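Here you get one chain, nothing else, as structure tokens; it is the form predicted on its own.
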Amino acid sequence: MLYKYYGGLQAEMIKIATIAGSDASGGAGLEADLKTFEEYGLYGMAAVTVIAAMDPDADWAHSVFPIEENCLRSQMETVFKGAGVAAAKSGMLGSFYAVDLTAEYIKAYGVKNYILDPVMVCKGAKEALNPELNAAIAEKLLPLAEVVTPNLFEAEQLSGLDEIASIDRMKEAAKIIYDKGPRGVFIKGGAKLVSLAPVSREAHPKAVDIFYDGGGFELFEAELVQTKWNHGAGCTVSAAIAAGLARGLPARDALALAKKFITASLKAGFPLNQWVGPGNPAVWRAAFE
């Protein structure tokens, strides 16, 4: 496990939380987050915002059921007041009150290591889930984030740019998003960037992400894993970054380790059924056994 990367288990368990939706299939959302936290040797907690279920009799069609506001607040009280955290991340929020409660508790309990994964669309969809909700996320949560981790679609939504399909365009979007308040912007290019920008394709295509912290850009490149079993990849990346920060890593080092972590996970991806398949975060253990 990744805790061996740090020389063993810590004397005192480090606590970390996810504010996210529950994926009944287990591949994404808070389930992916908690699996990632476990691999980093952390004690993970969750405040459930929505429950996502999939219908095997309707080609895996998604249904999303928001958690009632008082229930969500009670979970926040449990996590932040009752236990406390070294870091937190948010994923799918699904309601305006979930955005408000996330902002309220991150501020009230001084959570510096907050990672915002601005989930704005279900994988495979092409339209924003709720443009007004996305605007609320940008206004209320971006200024609180140590790092925000949009994919290309989400970067378009947050920056107002159309068709981000090159590294230069990613950099332009990162600057715009940075000016809205986060301390760092990590835009995930992945396979989509390669497919949209073939002019940059090399003999061995790379999955390219960029990081901007106001002082300069850094490119994170890794082998492009050719797989369709990538359910929950975005959730896993943001959870790994949060876990690295909880472990005391600087943002740049947390990002670099998260990049290695997700690449290994995707290489070991597997079909859950005929429709979807996740990565396997546990594969990282072999490197330290």
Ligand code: PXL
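Predicted model, so just to flag it, every value in this text is computed and none were measured. For every residue, the number given is its place in the sequence shown, counted from 1.
The protein also exists as the form predicted in complex with this ligand; that form is not presented, and the subsequent description refers to it.
Chemist: Under a 4.5 angstroms heavy atom criterion, identify the one residue in Val79, Val119, Ile164, Val99 near this ligand in the model of the complex.
Modeler: Looking at Val79, Val119, Ile164, Val99 one by one, just Val119 meets the 4.5 Å heavy-atom criterion.
Chemist: Taking 4.5 Å between heavy atoms as the contact cutoff, choose which of Ala52, Leu257, Ala251, Leu224 touches this ligand in the model of the complex.
Modeler: Only one listed residue qualifies here, and that residue is Ala52.
Chemist: Among Ala87, Glu146 and Ala240, does every residue place a heavy atom within 4.5 Å of this ligand in the model of the complex?
Modeler: Not a single listed residue reaches this ligand in the model of the complex, so no.
Chemist: In the model of the complex, which of the stretches 65-73, 260-268, 37-45, 231-239 has residues with heavy atoms within 4.5 Å of this ligand?
Modeler: Contact-bearing stretch, as computed: 231-239.
Chemist: Under a 4.5 Å heavy atom criterion, is Gly244 part of the interface with this ligand in the model of the complex?
Modeler: Flag for Gly244 set to no.
Chemist: Within a 4.5 Å heavy atom cut-off, is Leu158 in contact with this ligand in the model of the complex?
Modeler: No, Leu158 is distant from the partner.
Chemist: Any chance Gly21 has a heavy atom within 4.5 Å of this ligand in the model of the complex?
Modeler: Yes, Gly21 lies within 4.5 Å of this ligand in the model of the complex.
Chemist: Can you work out whether Ile137 and this ligand are in contact in the model of the complex, taking contact to mean some heavy atom pair no more than 4.5 Å apart?
Modeler: Heavy-atom contact with this ligand at 4.5 Å: absent for Ile137.
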